[in-house]
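Given as structure tokens, the chain that follows is alone and in the form predicted alone.
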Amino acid sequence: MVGLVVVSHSYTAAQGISEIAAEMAGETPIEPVGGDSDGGIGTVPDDIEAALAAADDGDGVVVLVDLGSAVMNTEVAIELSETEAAIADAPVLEGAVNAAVAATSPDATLGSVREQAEAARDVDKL
């Protein structure tokens, strides 16, 4: 099963987004990660790498990120990790929900889950 990681500068935000996505995720593993080592705002590559490992059951992990440096630190974490992972270029909440739904399919792949997360870019709210 493809896992998900939600990276935010705020652990509380990552946790909330993960909680919402989990409502649609079935058994899909979703790991929230965020904040700096002092509990403040930021992202830490080592923490992201640990979340990647926790979310991976062998089929890879799609990562949803909030802001610029989260992308950079996630790229570093993926390079350091043995987990196959891909960052989705998607709005973090809507993308996480789309990815969670897509990951429940028995035919889900890393590519198909990422694609569905990225489809959230085109969803109008009004």
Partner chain sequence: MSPESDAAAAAVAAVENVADRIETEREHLTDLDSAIGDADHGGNMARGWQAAAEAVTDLDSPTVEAVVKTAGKTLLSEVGGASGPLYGGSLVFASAELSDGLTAESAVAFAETYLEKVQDRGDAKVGDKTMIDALVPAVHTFKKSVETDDLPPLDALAKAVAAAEHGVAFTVPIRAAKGRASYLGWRSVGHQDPGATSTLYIMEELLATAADHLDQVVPSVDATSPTIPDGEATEE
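Residue numbers count along the first chain shown, from 1. Bear in mind the structure is a predicted one, so any value in this text is a computation, not a measurement.
The same protein also exists as the form predicted in complex with its partner chain; that form is not shown, yet it is the one meant from here on.
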Within 4.5 Å of its partner chain in the predicted bound form, heavy atom basis, the matching stretch of 69-77, 51-59, 92-100, 22-30 is 69-77
Answer yes if any heavy atom of residue 84 is within 4.5 Å of a heavy atom of its partner chain in the predicted bound form; otherwise answer no. no
So which bits of 36-54 sit within 4.5 Å of its partner chain in the predicted bound form, heavy atoms only? 36, 37, 38, 41, 42, 43, 44, 45, 46
